[in-house]
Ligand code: N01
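Take a look at this single chain, the form predicted alone, given in structure tokens.
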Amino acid sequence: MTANTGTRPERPAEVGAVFDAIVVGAGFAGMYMLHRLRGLGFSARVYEAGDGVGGTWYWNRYPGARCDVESMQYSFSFSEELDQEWNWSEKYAPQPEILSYANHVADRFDLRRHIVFDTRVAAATFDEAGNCWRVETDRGDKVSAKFCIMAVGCLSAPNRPNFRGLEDFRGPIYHTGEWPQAGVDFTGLRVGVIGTGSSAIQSIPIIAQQASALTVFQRTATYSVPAWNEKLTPEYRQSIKADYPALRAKARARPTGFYFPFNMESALEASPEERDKQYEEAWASGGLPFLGSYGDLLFEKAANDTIADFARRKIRSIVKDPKTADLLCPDNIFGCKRLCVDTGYFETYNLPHVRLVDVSKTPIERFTENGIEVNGVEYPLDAVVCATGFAAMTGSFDKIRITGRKGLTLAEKWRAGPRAYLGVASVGFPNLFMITGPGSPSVLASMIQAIEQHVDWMADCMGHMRDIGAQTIEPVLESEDAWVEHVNEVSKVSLRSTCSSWYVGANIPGRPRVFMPYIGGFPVYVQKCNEVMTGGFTGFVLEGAPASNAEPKVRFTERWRVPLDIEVISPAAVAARRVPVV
């Protein structure tokens, strides 16, 4: 179950090279980090395991892969020229188009010459004597840099199931997060799909069009709302481009980091007829904004029950077989796990060659030569797709041996759960930055906006360190502890903390149950980062700078100041006004 990236081209190992910064990963985070570093005159080397840029959108090539944030907002905002020249074709961009966009960005800003592809970073060790990071790769590279920046992604370490008998199965086994570049033709095959999360919900309708028989193995039912995807007209695109900065500013002021109108009223204060009307209108619009139908849906169980009941009624109205419909109806909090967005998912179960197998009470026992066995019944299959998700947030860190001061490894420090100040840095690991790390909004916001904010903060920080001659930056332990406690406390305000989801690592056996992303809202988080920076990096210690009574003013990327005429949601408002966090 590995990605088919072809044979890696031979190249000599790079040994002894010294850079200002080493970046791990060439997805959207790594590319923008490289762009900012170059703009500041820093030397940088980027290492990427794949043979191309794109990160998530490079690896996740499974059928039906598509973004669930509208494409006009799921894009970089740092270049108005880029905004104007790129034309998205659909409301929700498909994977090939997003990957084309990533390649366009790499070419337009001439990024490839600083990226080494087909190379996985194996170890990063902080040299206390030299105040630098020494990085080793699986290609024999041994280089060093003052800064090491992890742009490894939140959902980039596939969760590969370890079923008994995997090696006995005679057909191919694919993982949605490591899809072959050449694609897969399922025409005429009996296909099994394990999982009913986001990638399964997107791929199942497409696979069903090809397969002679499709068997879906479901452990936990998932809520999903229709995308109602459509082609974008030139007129619509131009209406956005006419004032793109205004849209970006409004998006940055929303808890989600992307803009959509939502209803601040309480679902419990509306009549049943009013609620149904509101939900019907939101369902007809589709997409993640459905969760913004009322302001208390993620904060009051009774309010959430109303939207959960509505969603289950919708599923039962679509799926013709009552038993299958019952299995597809979740019994947990609506929106507690990442809400999925689909095109024809529930309708697929009405096809005569598609069947759903419940493995919640009787799990998959084993793979056989010819299929999968559940509860003593063998389901014959020619190919299997594991839509089993990722070791979210920290899985990619686990793949690299990261060693900080006094031989402390990051894996050891995070054994009981990740600990990082603002989700950007961790005590004991000087000059190690984490883009969208645990303890930041990351997956609870529009990822590209979260990436840009982190990269800008880090670039401004590095520029300031150069200005004052500082050698290292590292969080203060008390600040890190306080932030981790704050992240945990804020999570309890939302119903999301009550579910066994990948937000808390529940999908990976043995992982500590810790709510990893920051749920207090994107603008609240940005404001905190701004305060830390303008306060002279409050909560951090900068070492090695010569004493001076006239330190240069801290660099600051102005677009992260939200205009005064746009409402910013505060932590108190999140609790008091029950603002939905998607």
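Numbering starts at 1 and runs along the sequence shown. From a predicted model like this one, the values you see are computed outputs, not experimental measurements.
Same protein, other form: the form predicted in complex with the named molecule, not shown, and the subject of what follows.
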| query | finding |
| --- | --- |
| The named molecule in the model of the complex: contacted by all of W283, G335 and R496, heavy atom 4.5 Å | no |
| Contact residue in the model of the complex, from G463, P161, G171, G295 (heavy atom within 4.5 Å of the named molecule) | P161 |
| Residue among G404, P475, G389, G423 with a heavy atom within 4.5 Å of the named molecule in the model of the complex | G389 |
| Region of this chain that lies against the named molecule in the model of the complex, out of 520-528, 24-32, 63-71, 41-49 [heavy atom, 4.5 Å] | 63-71 |
| Y58: touches the named molecule in the model of the complex, heavy atom cutoff 4.5 angstroms | no |
| Heavy atom of T220 within 4.5 Å of the named molecule in the model of the complex | yes |
| S199, heavy atom within 4.5 angstroms of the named molecule in the model of the complex | yes |
| Any non-hydrogen atom of A213 within 4.5 angstroms of the named molecule in the model of the complex | no |
